[in-house]
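This document starts with one chain, in the form predicted alone, laid out as structure tokens.
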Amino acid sequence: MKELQAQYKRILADYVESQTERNLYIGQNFIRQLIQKSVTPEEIINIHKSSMEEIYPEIPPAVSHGYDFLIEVMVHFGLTLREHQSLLEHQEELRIEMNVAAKIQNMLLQTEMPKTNALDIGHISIPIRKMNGDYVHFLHNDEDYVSVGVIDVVGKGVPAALCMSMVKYGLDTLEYTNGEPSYVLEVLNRIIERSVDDSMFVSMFFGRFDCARNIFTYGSAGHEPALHYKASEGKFHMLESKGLLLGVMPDVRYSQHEVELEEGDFIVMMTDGVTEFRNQSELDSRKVIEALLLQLKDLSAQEMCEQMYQELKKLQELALDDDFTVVIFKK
């Protein structure tokens, strides 16, 4: 440290004597050397103070006290700066990990939208964060049945994604069973209750369309009710089916109901990120959504989903507060 102080003193004396660009450049290069040697800001100020006192012994005590104050301040500054840099590095590590986790989630939770002449199907799912707390899973058995599960995990981030992988696993095992909604919900409930942490719950709406009979059978586990637009009446009916959230209790029975779909009818299944207008509490979200769907009813199912998202996002001033997921089955 004495050698460094001697070098600094010479550089400082040269600059004080003639304030040239060359002397300033030499000082800047020397500071880089100090940084490489891990000399702290407060140590640099102490070197500067000692050098000034040796070059100018007549410096008033008040100036020396001012340097002492600056050294103490810089000690705190250095600690705070290191904590801040550590936090930034940690945040960057988390960002990278979340990007990787989101890619893995997208890969693991892929589901193929069925192609069938019996239905026009639309689907959109927009997460507000990297990890999506909503999930849509389609099941399709040739031309006999088209089924869909619309899932919302109570929780966000990586724990929710892990919980969702259990839901997908359960649905994959039911792919060829032609399971009715009540059966599917009961099987998934047992899987989640045994496999997922007690703090994690799942809401789900499961619907199955019988392509030959044009019957839509549905059940719910604490999920947002779906809407059924009946073209012959020109109005909506709410498809409510009460059931406990998945994962709360092991032995739960779920009821199921059915409606017939006629030409021009459609079913709208969604998560609560669609219906909860947090910035517009004075609005009846259901009435707003029904009015919007009436305007969009002549579009394809996919176009209806996309326009719903755009219009509701504008209504909430681009500040959607939850994952946004809609599935439409249109006859």
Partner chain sequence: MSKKTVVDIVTEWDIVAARQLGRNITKELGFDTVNQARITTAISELARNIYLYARAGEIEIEKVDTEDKKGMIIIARDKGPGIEDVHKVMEDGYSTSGGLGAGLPGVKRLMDHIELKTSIDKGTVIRVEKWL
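Residue numbers count along the first chain shown, from 1. Every value quoted in this text rests on a predicted model; they were computed, and no experiment measured them.
Here the subject shifts to the form predicted together with its partner chain, a form of this protein not shown in this document.
The three residues 42, 76 and 79 all sit with a heavy atom within 4.5 Å of its partner chain in the model of the complex. Within 4.5 Å of some heavy atom of its partner chain in the model of the complex lies at least one heavy atom of residue 71. Although the partner is absent here, residue 46 sits close enough that one of its heavy atoms falls within 4.5 Å of its partner chain in the model of the complex. Residue contact check for residue 83: one or more of its heavy atoms lie within 4.5 Å of its partner chain in the model of the complex. Proximity of residue 212 to its partner chain in the model of the complex: non-hydrogen atoms within 4.5 Å are absent; the residue sits far from the partner. Of the candidate stretches 252-260, 84-92, 181-189, 110-118, only 84-92 has residues whose heavy atoms lie within 4.5 Å of its partner chain in the model of the complex.
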